[in-house]
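For reference, the chain that follows is the form predicted alone, supplied as C-alpha cells.
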C-alpha cells in the first residue's frame, strides 16, 4: 500500500485533545459521556482503549471519527483545528482521512470483495482514477486476492475482517479506528488480525482500537483506560 501523505513526520502528534466534553440531555438530566478528556496521539501509535459500558470510549471514537461533535473542548487533527468544522468538512475527513473497522465487519452482502473495498473511494469527493488498482492492492495487502470475486457469505469471519481492513486502508487514511475488531473471531484469527493491524504502523498509519478484551489490548503499544467519561490510566508498553 502506498504510504499516506501526511503533514508531518512519523512520530509527531496526529491528534491533540484538550478538555474534551460531550454532554447529552436526557429529560431533566445531563449525562457527561466525556468529562474533560486530555489526550495526545502520535503518528504510528497502536493505542487500545479499555473501559466498561458507559465509560465514554465509544463516544470518544465517534468524535475522533468525525461521526459526532463534542460539546466543548479543542481537537487538532493533522495540524488543523477541527473542533468547530462544518458538517461537509467532517464528511470529507470521514471519507478521506479515517478508516473504520467494526466487530460486525459491515460488508455489503450483495457485493464482491472487490466491490466492497471500492466503496470508500466511491464515497470520497476526490476523483480517484486508479480506484480499481488501489482496491486490488489493498486486497493483496491483506492476502485476500484469491477471494477477490467472492461475496461475504462465502468467507470465514477472519476473511471478512481482513476484507474490512482492506476497505479501511484503501483511501490511504491517517488513522484507523477499530471498534472491537476481534470480537467475532476465534483465537487463531484474533492473532492474525492483530498482527495485520500492527503491520500497518510501519506504513505511516495510526491505529486506535476499542476492546473489552485485556489480552487483545495487551497487543497494543499504549493502553488507556476510561471510566465515567475520564481517562483513568494511560500507560505505554
Partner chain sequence: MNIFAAIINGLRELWANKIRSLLSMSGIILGVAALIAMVTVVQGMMGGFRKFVELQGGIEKISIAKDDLPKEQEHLSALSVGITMRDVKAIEVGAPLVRYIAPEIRAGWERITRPGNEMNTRVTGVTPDWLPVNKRKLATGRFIADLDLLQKTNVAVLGAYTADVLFTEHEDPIGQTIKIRGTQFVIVGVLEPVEPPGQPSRGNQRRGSRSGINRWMNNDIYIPLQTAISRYTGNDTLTTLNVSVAKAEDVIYAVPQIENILIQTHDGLQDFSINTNETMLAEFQKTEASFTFSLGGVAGISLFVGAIGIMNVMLASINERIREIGVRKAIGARGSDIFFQFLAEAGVISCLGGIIGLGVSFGIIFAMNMILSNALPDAATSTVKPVIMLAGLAFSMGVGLLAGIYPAVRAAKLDPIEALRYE
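Numbering follows the first chain given and starts at 1. What you see is a predicted model; the values in this text were computed from it and never measured.
Beyond the structure shown, there is the form predicted in complex with its partner chain, which is absent from this document and is the topic of what follows.
Here the chain stands alone, but in the predicted bound form its contact with its partner chain, taken as any heavy atom within 4.5 Å, falls in 99-107 among 74-82, 99-107, 135-143, 155-163. With a 4.5 Å cutoff on heavy atoms, residue 86 does not count as touching its partner chain in the predicted bound form; it lies far away. When its partner chain is considered in the predicted bound form, residue 95 lines it closely, a heavy atom lying within 4.5 Å. Taking non-hydrogen atoms only, residue 192 never approaches its partner chain to within 4.5 angstroms in the predicted bound form. Contact annotation: residue 42 falls outside 4.5 Å of its partner chain in the predicted bound form, judged by heavy atom distances.
For the partner-free chain shown, nothing in 177-209 comes within 4.5 angstroms of its partner chain in the predicted bound form, judged by any non-hydrogen atom.
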